[in-house]
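Just the one chain here, the form predicted on its own, laid out as structure tokens.
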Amino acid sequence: MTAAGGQAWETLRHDVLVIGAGGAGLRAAVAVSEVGLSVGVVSKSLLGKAHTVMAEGGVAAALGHLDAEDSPDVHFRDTMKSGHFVNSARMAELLTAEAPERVWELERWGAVFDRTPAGQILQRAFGAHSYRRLCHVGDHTGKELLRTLQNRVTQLGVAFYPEVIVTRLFRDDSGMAGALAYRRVDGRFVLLRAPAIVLATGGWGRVYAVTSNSWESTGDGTALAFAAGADLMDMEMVQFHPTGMVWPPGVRGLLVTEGVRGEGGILLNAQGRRFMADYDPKRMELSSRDVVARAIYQEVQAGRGTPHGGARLDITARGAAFISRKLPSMRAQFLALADVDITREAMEVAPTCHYMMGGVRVDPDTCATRVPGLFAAGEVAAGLHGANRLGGNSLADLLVFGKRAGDAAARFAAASVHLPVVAASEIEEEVARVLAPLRQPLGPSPYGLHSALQEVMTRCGGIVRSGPGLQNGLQQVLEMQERAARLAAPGGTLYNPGWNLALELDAMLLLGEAILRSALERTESRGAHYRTDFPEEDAAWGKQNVVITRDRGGSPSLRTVPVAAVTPQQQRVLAPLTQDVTGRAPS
């Protein structure tokens, strides 16, 4: 068909549309395809390039292969404790109960995990886990997970649409109608019709200047959900991984897996002192990520940082053979990018924006949003991780809730009696909006505005925050939103990255605003959210989540909602923690 302005679009139809081809999206697609429904997977980049590959350390699952004392109950306690009890107990319960089966399932589909001498899946230690729990493939577990799932969906004949970027979701009161997208290569529009949609679009680390996230992580799916009427939650909770590369500048922020510390790496300041003894003498380098990240930050602020503003991560004591076998990707990464042989010298590392605990608010069991027919799984969804995510829970999250979202979307699609109509006028309106930056003769540069946003978010909404800083950052982001309406990206639709960025900035500016507003609202420090003007946890805030709803004018409107109460059974499992963590303790 053709819009009034002469822009044509093609139409494709599926029972379920999955947006995102990372671990959550592929696992959802498997679930839909296995029940015989038609599923299409839209990928912003090429197949196999999803950000899942950056999850290197392992999948958290209480198999008990190395530590027989481990169990899903202990994993549940660790997850709730790390989340400072503002996470969904039901989601944590489902994750920890179902993760073992999802791992064994991957093994049946061909995943090649590292093994114990007895032939069982090997498990390694990780920060804030009580036992050795992470099932891994060297230091490239995410890549192996993605490879395995890609093989599975290929066997099932799932339809893929690579380098296709969704710009709007269509719906009526009964459910979803589909989505409008364009092909990144040439700008041709595609109308993807489906009664059920699964968002598996990952996070939005590109809002920050230093991040482990790849170029795709701009929060498109979260913004799409919000525009369609879904709620957001916990947006103030941004995880900064303690160890990203520091030097050279071109790779600053690139992830250094927690597996380095899990395999015995230690952190040293510029004076050669193992400083984690001052911050968490019990768990040391294997403390939770928020604690380790702030410790490095504080060492640098105190003048004890390394030349490029970080700390030394040293695993040389383990020996070259061990390092080459256990951490081959890390060794290759530092040799190629920093000319550092980690078997002989320490790595220089510093915190990097890594993961979003907040996102789209979903039902714990089905991953359904408040919009009928719209589901969300993986990093795009909120609830599981609370104030701080345990390492390794991200890959478990993708598998457990990717399947649950796919199952629920398939049920919804199968029960749908009709597909809502999408008016041509709605499509024409969206086409005009998407093409606007190309037709703007003069205006701000998308690149300049993106850099300004990253600088403001890093300075005002980063590892350490304050009320005045957050307020200042919010004012600047609101001013940037006004400038974004006049962005110019001349050059046509053919291979025009400036045009793509101009569209992505709509999402990043919205999410930057959401982070800052939510952080202002939460007047305490909890997990990854640390405010110098409210440096302690507040028991009252331990009973609340910050939720953002779209008001009638389309703007974010904040409110607090009670943290879902734990069940009697969950209380019994959590009982050993009692007052181990300040804030809301199980009652």
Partner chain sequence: MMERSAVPGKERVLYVYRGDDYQGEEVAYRVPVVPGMVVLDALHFIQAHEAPDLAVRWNCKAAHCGSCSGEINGEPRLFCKTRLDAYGSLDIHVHPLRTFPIIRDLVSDVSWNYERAEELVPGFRPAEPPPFHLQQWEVDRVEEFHRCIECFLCQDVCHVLREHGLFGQYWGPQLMVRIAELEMHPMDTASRTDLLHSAAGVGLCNVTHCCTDVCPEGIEITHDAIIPLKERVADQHYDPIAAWLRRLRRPQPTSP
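Positions refer to the first chain, counted from 1. All figures in this text were calculated on a predicted structure; none of them were measured in a lab.
The discussion below concerns the form predicted together with the partner chain, not included here.
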When the contact criterion is heavy atoms within 4.5 Å, does K282 count as touching the partner chain in the predicted complex? no
Exercise. Tell me, yes or no, whether D278 is in contact with the partner chain in the predicted complex, where a contact means a heavy atom of each within 4.5 Å.
Key: no
Contact of E144 with the partner chain in the predicted complex (heavy atom, 4.5 Å): yes
Report yes if any heavy atom of E216 sits within 4.5 Å of a heavy atom of the partner chain in the predicted complex; otherwise report no. yes
Partner contact check in the predicted complex: of 472 to 480, 258 to 266, 230 to 238, 113 to 121, the stretch with a heavy atom within 4.5 Å of the partner chain is 113 to 121
In the predicted complex, the residue from V371, A209, L487, A408 with a non-hydrogen atom within 4.5 Å of the partner chain is A209
Checked F189, F226, W247, F76 for heavy atoms within 4.5 Å of the partner chain in the predicted complex; positive is W247
Problem set entry | Every residue of V137, Q155 and L254 near the partner chain in the predicted complex, heavy atom within 4.5 Å | yes
Those residues of 497 to 511 with a non-hydrogen atom no more than 4.5 Å from the partner chain in the predicted complex are P497, G498
